[in-house]
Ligand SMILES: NC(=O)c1ccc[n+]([C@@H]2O[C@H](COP(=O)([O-])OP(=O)(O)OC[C@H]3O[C@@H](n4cnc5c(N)ncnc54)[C@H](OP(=O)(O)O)[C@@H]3O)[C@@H](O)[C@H]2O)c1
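Okay, here we've got a single chain as structure tokens, the form predicted alone, with questions on binding and movement later.
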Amino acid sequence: MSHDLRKIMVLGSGDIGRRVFHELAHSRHKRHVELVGRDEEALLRTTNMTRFCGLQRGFSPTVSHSTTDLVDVERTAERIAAFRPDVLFLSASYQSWWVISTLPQDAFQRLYAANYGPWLPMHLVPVMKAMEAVKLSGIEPVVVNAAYPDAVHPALASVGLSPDVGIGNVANNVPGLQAVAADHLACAPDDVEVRLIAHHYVSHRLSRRGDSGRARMSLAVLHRGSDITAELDIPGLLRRLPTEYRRTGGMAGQGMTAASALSVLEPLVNERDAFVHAPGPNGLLGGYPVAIESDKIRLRLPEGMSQDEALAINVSGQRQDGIAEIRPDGTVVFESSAMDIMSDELGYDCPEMPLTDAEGRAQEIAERFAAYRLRAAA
């Protein structure tokens, strides 16, 4: 879908959605960016703020907003059909990753030990609703998703509803690794190329612990096109990420995730080829180095590595994240150790989840977490 004014829809007006909308609008390229969410007043203020900031900086952005609720698939489909986006960025979740960090510290630490996998319904359901709306709209944009693509995409691929590619996670540590390697080699970062294969669990752990824990990962480092991985102390370089290369985390650190989103979105919007890192490409499990070529996403694995080998690396991370298996029909089987924590803390027990149960499970988690928060604060 190509025309003079490229169109991008940002569906979801939370923190990441607003950051990405703001950055996409501030460009010399001809584009129209629309922000879509539930709150008309907040959308109007955000859109005007982005327009005015652009004018202040010498841009003249074409921006707009519209309202929908993802539970209303028909209304969302109407918005997509009316705008006709070339690229659709999904940044919607029923509960963002940082929400549990607002609990009292002892409660947070206990719940955090379950890892991310058991919370899957909170991310899967809004993406599933959005993809149903895309199908209903008759429009075929490139769909980029921010909500736990490592697991959401393979689950939805079973029913033909996976977005094309995700953002963040595996990508978030790549600039740090590039900087560590470049500084070690005393060369410019542009002379270094990193190829990282890692699940969300690993990417989350690397910046905090400097290792992959019990999960596997693969890291190749190229210097001016030559693979020099064998010449480097890779564990030593990784250990520097949470020390002298540590960066801002938490909500304030979402700028890194927004930058990772833009690394994927900008080439797609501008119709140029690029080498990036992304989770969930073409419905695959976990995170990979990928090439964007003519709006298509393909794996760009290290020399000599097969797709099956890369998938096995990501499966090991998935298990540590609390998901034992995603079956071909989309049913998700959770690790018992992770679910035991959810059961002990929230009273929530879900050994496995067919896609048809996801919406009910998301509602149950939301209700149980709300009650848990009240108890923890008492």
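The model shown is predicted, which means the values in this text are computed figures rather than measured ones. Heads up: residue numbers just count along the shown sequence, starting at 1.
Below: the form predicted in complex with this ligand, not depicted.
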| item | value |
| --- | --- |
| Among the candidates 137, 115, 218, 96, the residue which, in the predicted bound form, approaches this ligand to within 4.5 Å (heavy atoms) | 96 |
| In the predicted bound form, the residue from 202, 87, 292, 146 that sits within 4.5 Å of this ligand by heavy atoms | 146 |
| Region of this chain that lies against this ligand in the predicted bound form, out of 318-326, 44-52, 66-74, 332-340 [heavy atom, 4.5 Å] | 66-74 |
| 4.5 angstroms heavy atom contact with this ligand in the predicted bound form for residue 16 | yes |
| Heavy atom of residue 91 within 4.5 Å of this ligand in the predicted bound form | yes |
| This ligand contact at residue 277 in the predicted bound form, heavy atom, 4.5 Å | no |
| Distance check, residue 168 to this ligand in the predicted bound form, heavy atom within 4.5 Å | yes |
